[in-house]
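Next up is one chain by itself, shown in structure tokens, the form predicted alone.
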């Protein structure tokens, strides 16, 4: 019964979200697309985090997807929609190749390496003037769907739905057990027959595909990209802060954090355009120190506390 209620609630929410363009104007839809993009990135970051690997390279794969899609359209004459699929595949292939080197690393060594790769990707695109447009970037002839705000909203929503579906599969399949075992104790996981490198590689490739896909959707929606915008630190710090705020190691946690912080980020960009990144950093520190399980974890503890209080009250009444 509880499972049926959850599915019904999810279906109602999905229907409402799909119908948003009927009630919202162009600017609110643009804000919604931004929130959905960050939400997908937050979920993808959390999917890899479930293995214990902390990546700071979200913006790197996001930027690669942006440029792969833009170059495929501008240099290869590819259809814009097909270029999104191409960019997702390209990001996955890059992650597969890089994974053989960097997935042998653990803890801060892995994190620092992914951060360095993000900067390397940005510098490469910045200096390939004849191929990537250099610091001026690439300007497409027109955004996908002619820039229609409703169609762009649904395109971004489709990317988010794919991300949520993959994350949900991670939670319900043996991937969840394998990644949790790796995070808790690699030695024990290995002794129980878990192929650690294979599962880490699969998680890294799939999350990179999602990040590359969202980067491609971003460039096709706005019609231009530059190294500074494609590899912006926002695409790393904000998804990370969203996941931590909402609650890690789940799908619902990053989604909750993205809704709250995504809307707040739009306000922060207007009020403190050069200082909003500092606010994200402060949020990350405060959550780690005082609310390590995020808002979802806090809500669950409160619900368990109220259930226990109710049972005690009932027992005393009897």
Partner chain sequence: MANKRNATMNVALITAVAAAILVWRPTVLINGLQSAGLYASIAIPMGLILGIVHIVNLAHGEFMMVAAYITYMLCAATGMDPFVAMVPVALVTAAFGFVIYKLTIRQALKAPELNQLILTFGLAISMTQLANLLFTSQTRKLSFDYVSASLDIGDLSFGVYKFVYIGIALLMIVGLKLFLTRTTTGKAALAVGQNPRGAAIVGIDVDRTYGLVFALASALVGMMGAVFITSASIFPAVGSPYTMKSFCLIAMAGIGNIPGILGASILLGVSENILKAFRGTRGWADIVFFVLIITVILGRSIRGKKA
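Positions refer to the first chain, counted from 1. As the structure is a computational prediction, the values presented were derived from the model and not from experiment.
This protein has a second form, the form predicted together with the partner chain, left out of what is shown; the following refers to that one.
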* Partner contact for residue 109 in the model of the complex: the partner chain, 4.5 angstroms, heavy atom -> yes
* Indicate whether the partner chain has at least one heavy atom within 4.5 Å of a heavy atom of residue 104 in the model of the complex. => yes
* Mark residue 244 yes when one of its heavy atoms lies within 4.5 Å of a heavy atom of the partner chain in the model of the complex, and no otherwise. => yes
* Closest heavy atom of residue 97 to the partner chain in the model of the complex, within 4.5 Å or not? -> no
* Have a look at 78, 205, 115, 157 for me and say which one sits with a heavy atom within 4.5 Å of the partner chain in the model of the complex. => 115
* Identify which of 237, 72, 200, 209 has a heavy atom within 4.5 Å of the partner chain in the model of the complex; exactly one of them does. => 237
* Asked: Looking at 212-220, 122-130, 157-165, 79-87, which lies within 4.5 angstroms of the partner chain in the model of the complex, counting heavy atoms?
  -> 122-130
* Asked: What residues in 49-70 sit within 4.5 Å of the partner chain in the model of the complex, counting heavy atoms only?
  -> 49, 54, 56
